[in-house]
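Given next, in structure tokens, is a single chain: the form predicted on its own.
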């Protein structure tokens, strides 16, 4: 496969260390030469960039071993791309891959954390969405940790997002009832009409949190939490005794950890609740099992998914700003290139 090697590699970097909520002006695009792969390496052309809330913690140095990113440094992120020049024995030119390539148009890989993906089995974008880390997270929540059963009721925060939407749909495939929480009437409409949840509660509505009790008069067996803070405390109020809470995300605190709200353990004790923390990397050995279950459902339309796309790497900063202010509807993606040259 050939590529126009005289082109430059555009990258998105910080204009200054992030402080609080990200803004579009916190990011800028710079241009550098496209790198050349050495022996045992491959050059990957990026097609889709995944934007995820955990990246805000990575940028701040709270996620992983690296310190906070400063001016001129590029955020990390998972991509789906195509190998355009391979000097690696396990990958060939033209092959599609999933790779932690960052906010740029091209990247090099020595094969570490680089995995072949098949566009014949599922749309390429889904490999960083419902078939990627968000989907595996939902699988780990419902199948591995909560062991959801037919007849149960599952409450899901951020139900319009890639993790929450899959949590609810996996629960429904297992015979459970899914109730979502989202931040607008339009998001709730999509959660019910497009994704098939039984109901969805708008937490910005004036009736909330009383509307939780209205929607769940008999309580919830399982609560999957993507948000933390007040929402976690409010969900505990409708959790059944001996119910299970899956602690997955803290999006309410990613922009400003000082806003963290302390959880009253009295509620946990009174509910005799079981709290389980979820770190998706613990379930990498289940990825093929998850894929084998989910890919046919994606292909035949049994599982629905929402994508919030923007075209052009130069818009990554504004798209990330939308994500971290809760404006996205579905999986946040940046479309960087065409699926084939």
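Positions refer to the first chain, counted from 1. For clarity, every value in this text was computed on a predicted model and none was experimentally measured.
This next part talks about the form predicted in complex with another copy of the chain, which is not shown.
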For this session: Using the partner position in the predicted bound form, report whether residue 248 sits within 4.5 Å of another copy of the chain, counting heavy atoms only.
Result: yes
Problem set entry | is_contact(residue 269, another copy of the chain) in the predicted bound form, heavy atom dist at most 4.5 Å | yes
For this session: Although another copy of the chain is absent from this view, report whether residue 36 comes within 4.5 Å of it in the predicted bound form, heavy atoms only.
Result: no
For this session: Give a yes or no for residue 30: in the predicted bound form, does one of its heavy atoms lie within 4.5 Å of a heavy atom belonging to another copy of the chain?
Result: no
Seminar exercise, completed: Only one of 211-219, 99-107, 180-188, 228-236 sits within 4.5 Å of another copy of the chain in the predicted bound form by heavy atom distance, namely 228-236
For this session: Select from the listed residues 276, 309, 299, 286 the one whose heavy atoms reach within 4.5 Å of another copy of the chain in the predicted bound form.
Result: 276
